[in-house]
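Next comes just one chain, in structure tokens: the form predicted alone.
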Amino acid sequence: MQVIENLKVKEKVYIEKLENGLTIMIIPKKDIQKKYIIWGTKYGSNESTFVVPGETDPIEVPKGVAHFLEHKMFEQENGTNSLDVLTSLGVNANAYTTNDHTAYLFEGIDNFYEALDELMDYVQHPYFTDENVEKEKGIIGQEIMMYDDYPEWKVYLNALEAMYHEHPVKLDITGTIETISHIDKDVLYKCYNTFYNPSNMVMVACGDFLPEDLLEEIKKRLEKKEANGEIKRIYPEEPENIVKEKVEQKMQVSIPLYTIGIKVPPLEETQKVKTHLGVEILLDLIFGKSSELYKRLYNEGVIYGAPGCDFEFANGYAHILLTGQANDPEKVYEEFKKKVIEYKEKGINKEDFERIKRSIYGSFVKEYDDVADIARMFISDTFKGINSFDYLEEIDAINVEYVEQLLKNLFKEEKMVISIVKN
């Protein structure tokens, strides 16, 4: 078992890669009552064209299969629903699908191994029939329509559609009512057998565990399955330029919503962590709660709080998003662009930079207080090819000069978009 330790947060992660390719990561938290486990596959909504290991021709499946699979995995052949079984054991169970992975999880204090039985049983034994697939289409169709009426989701999705021409990141994770109508049990089994192979999966557990004991318990519950070869994932060629700068939609909202997006080039493997940290510092400098821009727009009554800032990246894409509420979204957008130009011309104040860098470091350290935060962080980063501890180590190497260069290279006005939802 490989052991990686980070002395800054006094945490260790025990990593074992099994013969079948499954990666297991265990982060012990002594004397913590709550236990958390998450089992994920590197299969998200972006993967709709791929080559199955051992085959040569690419296949294309309908948009929304990864999310559809997540919904169907809980239904068992004996008529039970694994979510209900887990709830009856007193644990909080859930699942989710993102652009780049799908995960199944539970957390609780008691009945951990009984819940582990159920988790590992349903993830390894899918049950799809013509009837239960058709029934699920109605349920997911209602979910799709619900999100279509959700302003916070539409303002986000519209920003992605304004940035991306071809890349599937611009599409709704759930697919559309039309695309899911083409999903059948054969498609589900094909995608399950391709992407739910142990060699494409990672399991992370965090809590008061003895790593060797938990590892043996996991091994006992694993079905015998050999690792398959590499899955070739095929993405369309994405132009560097944006689709359009502005998109506006009218919905029932009391205060207009906005999302400012910046399309940036896909990240180099060795630069992911450093770039992520640098962008976080820049976003806080430009529009964080302590920034001049935020204070001024807030005092003028233009905005109602600091925007939510995100830097999203995975295979073939990367973008920056700032989302919030404002009486005048266009003014927020123009003032944001002016502030970016000002920082490019005048440079960044070193004291402000150091203060924000310390604050961001503190937020990373704080994530290690909660078993759920730790486990979800490690699984998400692992699927991106990142060791989560690297954020704590690489932040020391980031200086003002690097961040100023990042500002010039990534925060380009011709790559910016504004999405607005208003009454």
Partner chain sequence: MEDIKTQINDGIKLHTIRTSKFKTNLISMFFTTELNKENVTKNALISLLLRRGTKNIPSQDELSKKLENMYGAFFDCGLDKIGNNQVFKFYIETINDEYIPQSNEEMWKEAVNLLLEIALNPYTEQECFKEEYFEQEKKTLTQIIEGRKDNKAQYALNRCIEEMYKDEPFGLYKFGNIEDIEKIDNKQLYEYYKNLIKNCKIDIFVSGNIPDSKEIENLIKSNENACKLEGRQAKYNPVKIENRNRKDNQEKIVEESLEVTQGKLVLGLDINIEKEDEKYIAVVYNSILGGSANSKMFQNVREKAHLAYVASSSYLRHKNTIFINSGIEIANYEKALKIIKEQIKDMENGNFSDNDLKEAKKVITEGIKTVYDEQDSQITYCFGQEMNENEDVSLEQYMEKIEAVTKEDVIEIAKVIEVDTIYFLRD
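Note that the structure is a prediction, hence the values are computed from the model and not measured. Numbering follows the first chain given and starts at 1.
Just so you know, the form predicted in complex with the partner chain exists too; it's not on screen, but the next bit is about it.
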property: In the predicted bound form, segment of 227 to 235, 164 to 172, 114 to 122, 143 to 151 with a heavy atom within 4.5 Å of the partner chain; result: 143 to 151
property: Contact label in the predicted bound form: residue 10 to the partner chain, heavy atom within 4.5 Å; result: yes
property: The partner chain contact at residue 295 in the predicted bound form, heavy atom, 4.5 Å; result: yes
property: Residue 324, heavy atom within 4.5 angstroms of the partner chain in the predicted bound form; result: no
property: Residue 341 within 4.5 Å of the partner chain in the predicted bound form, heavy atoms; result: no
property: The unique member of 83, 243, 187, 309 whose heavy atoms fall within 4.5 Å of the partner chain in the predicted bound form; result: 83
property: Contact residue in the predicted bound form, from 347, 265, 90, 239 (heavy atom within 4.5 Å of the partner chain); result: 90
property: Members of 285 to 312 lying within 4.5 angstroms of the partner chain, judged by heavy atom, in the predicted bound form; result: 289, 290, 294, 295, 298, 299, 304
